[in-house]
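First, one chain by itself: the form predicted alone, in C-alpha cells.
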Amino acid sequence: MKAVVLAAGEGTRIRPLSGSVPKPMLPVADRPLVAHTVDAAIDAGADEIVLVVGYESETVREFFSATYRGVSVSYAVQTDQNGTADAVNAASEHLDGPFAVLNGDNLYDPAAIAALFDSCPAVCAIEVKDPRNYGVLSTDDGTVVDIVEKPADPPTNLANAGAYAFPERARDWLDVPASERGEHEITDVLARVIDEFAVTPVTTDRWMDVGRPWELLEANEWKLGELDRRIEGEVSDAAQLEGAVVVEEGATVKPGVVVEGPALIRSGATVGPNAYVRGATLLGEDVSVGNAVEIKNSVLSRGTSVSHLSYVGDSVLGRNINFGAGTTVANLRHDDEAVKFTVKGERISTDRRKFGVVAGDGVKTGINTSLTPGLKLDTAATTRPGEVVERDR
C-alpha cells in the first residue's frame, strides 16, 4: 500500500502561523503535524509515502528527505491548490496499485489507519453531533452506499473523516470536474468508488481536522497528553517536575522552576529560574522562558523568547518571537463567554472559554504590554512599552 499524504496547502485559516511555514509543518508535540499522519501510515504498513507539496515545499522536503523511518518518500508537486482530487492527481504517476489518501493537516487514531489499510476499499468515518458541516456517509449492511457534502438535513450522523483506501482503478478516476466551490474534490472520487466497489466504513473514536489556530492548540493537547515522562536534559536539583514531563537532551531547567505535565521542553530550550510551566505546554527548540514567567497550556515555537515577569496562557506563538519583560496575555472574557478570533476577516467563536493570543513569526512586544483575549498579531508585528492591545494588528 502506498500512502499519498496531502501537504501542499498554506492554510489561510491558520494565519499568521502559516506565514512562512505550510500548515502541515506546524509543531504538534515533538514533530510537525504532518509527521503524525506519515507515522500512522508507516505503522499501518505503508511501503512508500508520496507527499504532495506546494506552498513552501522545501520545508517538507528537508524534514522527510528521501527516506523516513526506513520507508521511501517520493514527492509530487501541486502547482495550484485546486482541491484534494487535483492534489492526488498530481501524484498519479507514483501510483501502481491500491493506495491510501490521507490529509496532512489531520490527526488520526493510528489504529483506525491500520484498519483502513486492511479493509481496502474503505473510508474512515466518525460519529458527530452535528454533521451538517461534513461529508455525510450512508451505510447499508456494513457498506457505504452514499456520500453527500454538507447536507442541510443529514441522513446519518456518520461524518467523513478524510482518510481513504482506494483500489488501483481509482487512479483513473482522479480527473473529476470542479465542484460548486471551484475545486476538484476527492469525495467525488470516493462517490465513484462507492458506485463500483463495496466500500467499508472504518469508524474511529478520535479524529481532528486542524484548520484554525485554536485547533493547533487542541492538537497539542491531544499529543502532549500521550507523553511518557522522560528526563534527558539538565535539570536543577532545585527544580520540581510533576507528571508527564519530557526534557529533551540539550534543554536546561534552572533552579526554582515548577513544571506540571503534560509538558515537552525541547532541545536547546531554557526555562527559569523561578518559572512556572503548566497545562499541555510545548516549549520548542531553543525557546527561552525567563525569570518569574508563567506559561500555561500554550505552544511556543522554535527560537521564541518570553522575558522575565511575563504571563502567556492558552496561546500559540510562532517562531523567533520576543515578548518583552512584563508582557501579559489575557485569556478570559469578563462575561465568561467563549473567546472569538478573526479567521479570514470574520470574528468567529473558538468555543473555548479560555484563549489568549496567536502571534506570527518575529513578533516583538515592548515591556509591560497587555494583550487581550482572542488577539492576532501578524508576522513581525510590534507593540510599544506599556501598550494595551485590543485589536488585531
Ligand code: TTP
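Since this is a predicted model, take the numbers as computed values, not measurements. Numbers follow the displayed sequence, beginning with 1.
A second form of this protein, the form predicted together with ligand TTP, is not displayed here; the remarks below concern that form.
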Quick one: is residue 8 in contact with ligand TTP in the predicted bound form, heavy atoms, 4.5 Å cut-off?
yes
In the predicted bound form, does residue 12 come within 4.5 Å of ligand TTP, counting heavy atoms only?
yes
In the predicted bound form, is there a heavy atom of ligand TTP that lies within 4.5 Å of any heavy atom of residue 283, even though the partner is absent here?
no
Answer for residue 87 alone: is it within 4.5 Å of ligand TTP in the predicted bound form, judged on heavy atom distances?
yes
Check each of 320, 72, 81, 92 and return the one that places a heavy atom within 4.5 angstroms of ligand TTP in the predicted bound form.
81
Of these, 262, 272, 213, 104, which has a heavy atom no more than 4.5 Å from ligand TTP in the predicted bound form?
104
Partner contact check in the predicted bound form: of 96-104, 149-157, 275-283, 169-177, the stretch with a heavy atom within 4.5 Å of ligand TTP is 96-104
Counting only heavy atoms, which residues in 169-189 are within 4.5 Å of ligand TTP in the predicted bound form?
183
